[in-house]
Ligand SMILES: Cc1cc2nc3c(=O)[nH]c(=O)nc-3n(C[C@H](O)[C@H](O)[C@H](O)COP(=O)(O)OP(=O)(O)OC[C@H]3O[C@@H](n4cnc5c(N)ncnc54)[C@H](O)[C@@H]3O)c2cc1C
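Just the one chain here, the form predicted on its own, laid out as structure tokens.
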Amino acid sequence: MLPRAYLPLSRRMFVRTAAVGTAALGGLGLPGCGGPASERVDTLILGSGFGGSITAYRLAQAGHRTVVLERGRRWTVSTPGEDVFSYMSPGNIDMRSTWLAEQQPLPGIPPSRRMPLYTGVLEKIYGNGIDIVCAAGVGGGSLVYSGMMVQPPQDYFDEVFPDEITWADMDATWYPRVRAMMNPGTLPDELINRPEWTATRLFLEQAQNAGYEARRLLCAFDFEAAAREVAEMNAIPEMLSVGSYIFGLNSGAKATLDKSYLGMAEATGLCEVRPLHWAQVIRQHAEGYSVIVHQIDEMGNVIAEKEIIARRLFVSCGTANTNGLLLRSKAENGLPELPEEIGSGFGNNGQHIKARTNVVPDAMAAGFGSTQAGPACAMLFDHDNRIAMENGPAPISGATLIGTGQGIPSGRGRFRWDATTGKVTVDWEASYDAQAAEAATNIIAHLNEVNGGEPIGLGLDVSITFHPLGGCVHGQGVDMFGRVNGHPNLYVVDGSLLPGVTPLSNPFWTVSANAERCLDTIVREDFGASV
């Protein structure tokens, strides 16, 4: 086997690699050993999350053939209840949770035994001042999200987005287009009134008691499947109903992209998805762009190296990995003229995770339940303090509620390619979102003051974000549709395009609506067709 891509070579791995021998490595086509095998395609898409899947579908709809490379594996629930995804509760987390690391990436969960390295669903990227958690696998972030669909308020949207991208246009055209594809719903009364959903119900009640606007959200979720889990516990083991949903759902209740955009693209016969194909570096080529790709197995071992030459290239690897790939390509002279702005404008969406405990009197605590059903599908809004906070059900016991604030950072960080570690990192300072952090703390204090309860750490309030945005921001090295300046037929279409924040909201709906907006113009102007 060859070394794992992007990972420092451990002694164990070095010995294993050395034992393969030079002749065997040459047979796999490594540089200096005959070169990788080459393939030519017209349009190559790197990444199968929201940006990549929407790109694949809209191009297929217009009659264009694409190849989609995804570093992760497929995660398909063919029959509700089959054992596809890892559980989330401490003691039950396994290697399927984690992308090529020995410990799962979520904060607030006690360290477990070391796991074998595996191509699991979540990766933790360590930064200077903040860490990032992002998805891996066919379907990208849709594998691990709660599906919350929230539009930023118009005044805050207009404050942070460039003038060329208007809330009115997004609201009239692009948000509705995504909504029609994802077919969302809200948590129904028949579920929220059940004991398993006490935490969600209590969150809403106590938020309203404290004078906040609070409501159930649209979610890209199959709540009928959620109801079947409760009704058919023998056939569908409990996951959602006990708060174990971030690592994926074996009931199939999440509206993952393999069921919508990406699945529909594949169904046309014009889109080929290749899992476990990890793009390493992009190089300019006379015919367009050359991408060096590592084909890996599920343990992360490189089993082949390939070169794919594409006339058109879409980079949609997710914010952190898109920036990492572009910056690595510049550092290694594959894209030496990449605009200086690439990598700048990173924001954490003002995200801060808080918790409060003893939120009900002792006499009620016994009825609170030892677990909390998901998904995260309720949110309170504090417009005066420029923040919203979602309820975050989790597999925890005791009368404790977790809330995640989504504020507006005042500053922006920057991605860097660290050649010494072979990884992307990000530079961030706490001052960049001090107001958002203070606002989240104040919400927790006010909820406790009005309803009872007290703050508790739980190891959650660390500098981390699940919502990295920016680095290739519209107007900063790319145009308003994701075209990279000075690089014809090179596009970025994912959360990297957004200005570090989707104010008072989770990003997925805005990321997707913006991708729809970009593709509508790209297909019409650059491919000579319309969606």
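From 1 onward, residues are counted along the sequence shown. Just so we're clear, the structure is a prediction, and the values are computed from it rather than from any experiment.
Below, we refer to the form predicted in complex with the ligand, which is not included among the displayed structures.
Comment: the ligand is not present in this chain, but in the model of the complex one of A136, A310, A378, I130 has a heavy atom within 4.5 Å of it, namely A136. Exactly one listed residue, out of I342, I402, M389, L122, brings a non-hydrogen atom to within 4.5 Å of the ligand in the model of the complex: L122. No residue of the trio L100, Q104 and T256 has any heavy atom within 4.5 Å of the ligand in the model of the complex. Residues within 4.5 angstroms of the ligand in the model of the complex, judged by any non-hydrogen atom, belong to 317 to 325 and to none of the other stretches in 317 to 325, 438 to 446, 166 to 174, 197 to 205. By the criterion of a heavy atom within 4.5 Å, F466 is counted among the residues contacting the ligand in the model of the complex. When contacts are judged by a 4.5 Å heavy atom cut-off, G140 counts as touching the ligand in the model of the complex. The closest heavy atom approach of L117 to the ligand in the model of the complex falls outside 4.5 Å. Contact between G471 and the ligand in the model of the complex is not found at the 4.5 Å heavy atom cutoff. Along 487 to 509, a non-hydrogen atom within 4.5 Å of the ligand in the model of the complex is carried by D494, G495, N506, P507, F508, W509, in order along the sequence.
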